[in-house]
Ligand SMILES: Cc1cc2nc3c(=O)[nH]c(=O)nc-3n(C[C@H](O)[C@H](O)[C@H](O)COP(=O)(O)OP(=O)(O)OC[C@H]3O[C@@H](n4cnc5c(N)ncnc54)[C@H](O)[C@@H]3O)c2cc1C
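Shown here is one chain on its own, the form predicted alone, set out as structure tokens.
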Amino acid sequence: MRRRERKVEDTKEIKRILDESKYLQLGLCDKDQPYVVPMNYGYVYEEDRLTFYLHGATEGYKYELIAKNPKVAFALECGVEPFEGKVACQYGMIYSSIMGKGVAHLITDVEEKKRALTLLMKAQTGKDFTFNEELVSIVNVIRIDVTEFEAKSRPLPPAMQK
């Protein structure tokens, strides 16, 4: 990270970013061409270990790519808002973000799928849902075991505050 002053290391702040963001951009490898798809997510962040859970249809291009190469990248952000300056170079964006890399796994275990979908719905709606075997059988669930990530935040510069 080039701008070290923007680095976020506080667990509480990282969880805030994870909670306020509602989708992530999932980057997959398609031979020599990247493929990126936005997806809703649920997560577990404990003891500095981050795991994402994503869901989708039971077949599709992203699953073909994961089967060929499970290495993925991701980015998510929240609080994105432009600000103006007196000159062009003072314009910018406030934001909080997390980006990183990991390994994707297609979950087949019914109980793990139920747990993953419960986490996903909690992250997206703030509500608790339960899932039965029939419901989890009609979706695929991807678990991303995050191998590295970094969080950063850019607040409104003091010179721009009123």
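Numbering starts at 1 and runs along the sequence shown. The structure displayed is predicted, hence computed values, not measured ones.
Omitted from view is the form predicted together with the named molecule, to which the following refers.
Taking Asn40, Thr118, Asn69, Thr51 one by one, only a single residue has any non-hydrogen atom within 4.5 Å of the named molecule in the model of the complex, and it is Asn40.
Judged by heavy atoms within 4.5 Å of the named molecule in the model of the complex, the contact stretch among the candidates 108-116, 61-69, 43-51, 91-99 is 61-69. Of the heavy atoms in Phe129, none are within 4.5 Å of the named molecule in the model of the complex. When contacts are judged by a 4.5 Å heavy atom cut-off, Gly56 counts as touching the named molecule in the model of the complex.
Applying a 4.5 Å heavy atom cutoff to the named molecule in the model of the complex picks out Tyr23, Tyr35 from 11-36, in order along the sequence.
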